[in-house]
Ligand SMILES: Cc1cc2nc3c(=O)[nH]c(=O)nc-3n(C[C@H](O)[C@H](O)[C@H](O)COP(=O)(O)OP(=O)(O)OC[C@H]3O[C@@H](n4cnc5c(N)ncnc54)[C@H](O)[C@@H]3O)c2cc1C
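Before any questions on how it binds or moves, here is one chain, the form predicted alone, in structure tokens.
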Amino acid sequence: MEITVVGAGPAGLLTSHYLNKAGYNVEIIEEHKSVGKPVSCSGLIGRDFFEHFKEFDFKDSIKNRIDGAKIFCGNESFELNRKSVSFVVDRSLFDQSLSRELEVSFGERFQSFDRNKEMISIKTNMRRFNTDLLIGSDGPSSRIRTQEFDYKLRYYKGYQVRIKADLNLDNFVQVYLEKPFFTWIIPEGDGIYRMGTVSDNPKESIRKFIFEKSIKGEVIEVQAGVIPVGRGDVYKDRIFLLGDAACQVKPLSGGGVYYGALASEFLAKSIISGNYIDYPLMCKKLLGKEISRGLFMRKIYENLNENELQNIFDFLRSKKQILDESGSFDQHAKTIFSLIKDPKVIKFAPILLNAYIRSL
């Protein structure tokens, strides 16, 4: 069986490894000239990923360990402490770790496909060829998704700079709540910090943030990208979507490495078993609830006014101990819904309801 994977990001590479190991003939095409570039990710990956995918060696890509976060809302803040909750990685080296022993056709851009009962015909900028199965792991602006699938999604613009500065943040991330997402400072190590944000004009937003915080330093690198937040089908008649192409991202933070990696396991298992429909079923069962709840909470978050946001921040700060003990880096909705058990949360019902109504 011939299987074509479009896109050599983490999810596509993981699926290719699993299928290669099972004896399938997998062809990977990648529009860029190398794996892992350009970088369009903060490079902060939760501990759960590394514990789950132990068979892969990411040691060379890890730059720093993160032991918690300082959360800001206006002039107020509180700290969350969780040792080794996440790791800062060099995304180029991280992706390249997953490409070992795999052959990738670089500089080959997917253009379109045609399908009949026997095969799928693929057209790229370099050639035409046939395949039995097509996996679209071609990123936020997936051409495969555009051609075949109907998605309800929204794109968010992200922008990050790597700065050499004297901030002394050690192993703590700083997060500033600013709609529609937040602004961050991530200590990479060796005096280098990653500062980024998501907004309609993120380049200007991060320039303003650095100016207001009086941060002095040398910009080493600029990184930018878009985050696809939404949902839709992930499988139609021998065509699969995976990773950012399938909006397998955390709606509240935009991180997609872990969700896309989990989905790659589901996809490989369904192909190996021959039960392709198992892939969307597993995605819905194991990722669907978290994504659906995250989308719901994103609507509310984006429509909170400043006073409402401050009230919720104060409540979260009062639950610092619970968040320290049970907060999850990758399961945001599960963490937030665990706080709803507190009887005091009832006073926020009107705030949440009004914010949701404003989103309609």
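The structure displayed is predicted, hence computed values, not measured ones. The first residue of the shown sequence is 1; numbering continues from there.
Keep in mind that the form predicted together with this ligand is missing from the display, and what follows is about it.
Taking non-hydrogen atoms only, Y159 approaches this ligand to within 4.5 angstroms in the predicted bound form. Although the partner is absent from this view, I163 stays clear of this ligand in the predicted bound form, with no non-hydrogen atom inside 4.5 angstroms.
A residue is said to contact a partner when one of its heavy atoms sits within 4.5 Å of a partner heavy atom; L267 fails this definition for this ligand in the predicted bound form, lying far away.
Within this chain, N303 is remote from the site of this ligand in the predicted bound form, having no heavy atom within 4.5 Å. Only one of 172 to 180, 209 to 217, 284 to 292, 132 to 140 lies within 4.5 Å of this ligand in the predicted bound form by heavy atoms, and it is 132 to 140. Contacts with this ligand in the predicted bound form, taken as any heavy atom within 4.5 Å, map within 1 to 28 to V6, G7, A8, G9, P10, A11, G12.
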